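Just the one chain here, laid out as structure tokens, in the form predicted alone.
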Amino acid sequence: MTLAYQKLKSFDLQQGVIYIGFLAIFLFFALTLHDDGFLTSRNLTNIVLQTAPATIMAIGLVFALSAGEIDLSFGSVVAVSALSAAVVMQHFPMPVGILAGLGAGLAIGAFNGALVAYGRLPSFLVTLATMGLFAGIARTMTDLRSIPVLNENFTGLFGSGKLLSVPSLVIWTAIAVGIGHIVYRNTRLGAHVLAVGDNARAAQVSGIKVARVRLYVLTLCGGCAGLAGLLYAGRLQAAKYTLGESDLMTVIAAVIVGGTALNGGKGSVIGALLGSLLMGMLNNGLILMGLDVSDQMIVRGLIILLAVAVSLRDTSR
């Protein structure tokens, strides 16, 4: 009796809710939308493809939140990175365009990280400001014009291509999740991120370079957003200033629902993947049910409220 009680008491509600919720929502849509094509392989594959950029961004946000920081600017970084790659590829070879897109994301992330780590500014306010700053830059880069991406090698690599019948977007997602999970769980950086998020002062005393960790996690957020921008440009075969601007709530919801604590010290890359797929499945199912965008926003907001409540309840134990 005592052992069973101890196991129940130690159950991680925040981590477990994602698995229970994912299964429950999947079964709900599978039963109610069976005749509407929800369970078709084409529809399920589309859910994975549509959520690929959000999943990539969620990985970076897991590291940031786990370190006790947050990045609100990644939606704007997506647009700047995609536009940078598209514009550069109009005049230079594809590898240069890829470097431009990823470099833009990493540079913006490092800029945010430097202000937080060495300027000692709150990451919430810094990234809130840079979200608007780089959204404006994205709009002025091409005078609100979309830039076509006509390089077939690029669109194949980052969008419509396949390797052994596996879509490239699925491959990118698998690679990013695999690397992110290993780094988060099995490297010194991952351990330092969790230590800083759990107690920054104690981490500093133990010899961890807290400022450097904060710089790294926000740079990683920018890099992940840069890769997401390339995936958007490849899949849509165009880059536009609106790319990524609607992803903020979706990515934050995916990460929180996936078991990453808002106040740092705990997170899960695999949970973020499931959270992203859950949000994509929700959007897909609600569309098939005939609900519009506003209804999807309401449902997403309710899910975030529930996830935050679970997160605060779990961390207060």
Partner chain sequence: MTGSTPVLSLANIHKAFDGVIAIEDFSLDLYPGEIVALVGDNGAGKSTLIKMISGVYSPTSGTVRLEGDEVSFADASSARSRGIEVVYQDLALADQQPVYMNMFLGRELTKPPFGLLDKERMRQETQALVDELDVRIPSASSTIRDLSGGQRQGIAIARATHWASKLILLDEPTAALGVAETARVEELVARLRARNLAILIISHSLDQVFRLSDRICVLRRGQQIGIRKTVETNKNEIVSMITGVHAPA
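Keep in mind it's a predicted model, so treat the numbers as computed, not measured. Numbering follows the first chain given and starts at 1.
Just so it is clear, the following notes concern the form predicted together with its partner chain, a form of the same protein that is not shown.
Listed residues Met131, Leu102, Ile147, Leu194 were compared with its partner chain in the predicted complex; Leu194 is the one with a heavy atom within 4.5 Å. Contact annotation: of the candidates Ala202, Val166, Ile175, Leu125, the single residue with a non-hydrogen atom within 4.5 angstroms of its partner chain in the predicted complex is Ala202. Taking the partner from elsewhere, every residue among Ile182, Arg185 and Gly207 has a non-hydrogen atom within 4.5 angstroms of its partner chain in the predicted complex. Partner proximity in the predicted complex, defined as non-hydrogen atoms within 4.5 angstroms of its partner chain, places exactly one of 52-60, 26-34, 261-269, 245-253 at the interface: 261-269.
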